[in-house]
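The chain below stands alone, shown as structure tokens; this is the form predicted on its own.
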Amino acid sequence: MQKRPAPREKKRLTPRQNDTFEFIRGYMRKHRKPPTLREIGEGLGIRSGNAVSKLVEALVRKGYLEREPNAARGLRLAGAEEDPFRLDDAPPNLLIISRTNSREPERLRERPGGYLTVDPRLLPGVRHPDRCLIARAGDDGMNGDGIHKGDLLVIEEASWKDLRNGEVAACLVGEMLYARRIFFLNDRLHLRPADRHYTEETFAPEDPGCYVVGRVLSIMRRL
């Protein structure tokens, strides 16, 4: 039996090229199709189509992507073993959300602050990793539960209706993202901190000043 040639070592990517590759890979896993150049630009906040094209060409040249000429969705991950149209046991790449207003929750995934590969053990009980996000805790309101300002929160997107009373949730209040224990009592959402220096806030479920992103699954912290 003829042996397959050993794969060539891929060249290193610049930070911008890596962001582009991770966006393309994450898009393929979520949508089961490659993104267009325009969608890549919108996802990364790049207005110049020429700049996006150069990034993609660099990924092709360095062996990370293959491209079908003259096809709007002609990108695919290089290497037959990397099939973006099926989920496997590879560590998931989660989108890091950038500053977003609670009145515009549909923009949570529009301009990612980057992507981060995480250990699957940080996603306990999650069947669809594509529904998970990463965000930074905006304050120390959950100090009592071991969550500090700046910690990276691993979040499974979920409506407040799907959360149990007392679960730790990630919530946008205006443009700030907080971790809080959430309760639905007397037709109001109660965001309860674990630090006595912070006060409990309440909102009507339809109040655009508060948007529940989902449940907090785990946290990551830089020492």
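For every residue, the number given is its place in the sequence shown, counted from 1. Being a predicted model, the structure only gives us computed values, none of them experimental. Only the largest set of C-alpha atoms that superpose within 1.5 Å between the two forms is called the rigid core.
The following text describes the form predicted together with the DNA, which does not appear among the structures shown.
Participant: Would you classify residue 191 as touching the DNA in the predicted complex, given a 4.5 Å non-hydrogen atom cut-off?
Facilitator: Although the DNA is absent here, residue 191 would stay clear of it in the predicted complex, with no heavy atoms inside 4.5 Å.
Participant: Under a 4.5 Å heavy atom criterion, is residue 148 part of the interface with the DNA in the predicted complex?
Facilitator: Contact with the DNA, no.
Participant: Might residue 74 be said to contact the DNA in the predicted complex, defining contact as any heavy atom within 4.5 Å?
Facilitator: Taking the distances in the predicted complex, the answer for residue 74 is yes, it comes within 4.5 Å of the DNA.
Participant: Any chance residue 17 has a heavy atom within 4.5 Å of the DNA in the predicted complex?
Facilitator: Yes, residue 17 sits close enough to the DNA in the predicted complex that at least one of its heavy atoms falls within 4.5 Å.
Participant: Report the stretch among 51-59, 166-174, 150-158, 192-200 that approaches the DNA in the predicted complex to within 4.5 Å, counting heavy atoms only.
Facilitator: Selected range: 51-59.
Participant: Spell out whether the Cα of residue 59 moves at least 2 Å between this form and the one not shown when the two forms are superposed on their rigid core.
Facilitator: Shift at residue 59: 2 Å or more after core fit.
Participant: My question is whether residue 207 is one of the residues whose C-alpha shifts by 2 Å or more between this form and the one not shown, given a fit on the rigid core.
Facilitator: No, the C-alpha position differs by under 2 Å between this form and the one not shown.
Participant: Rigid core fitted, then: does residue 73 show a CA shift of 2 angstroms or greater between this form and the one not shown?
Facilitator: Yes.
Participant: Given that the distance between the C-alpha atoms of residue 18 and residue 124 changes by 3 Å or more in the predicted complex, do they end up closer or farther than here?
Facilitator: Result: closer.
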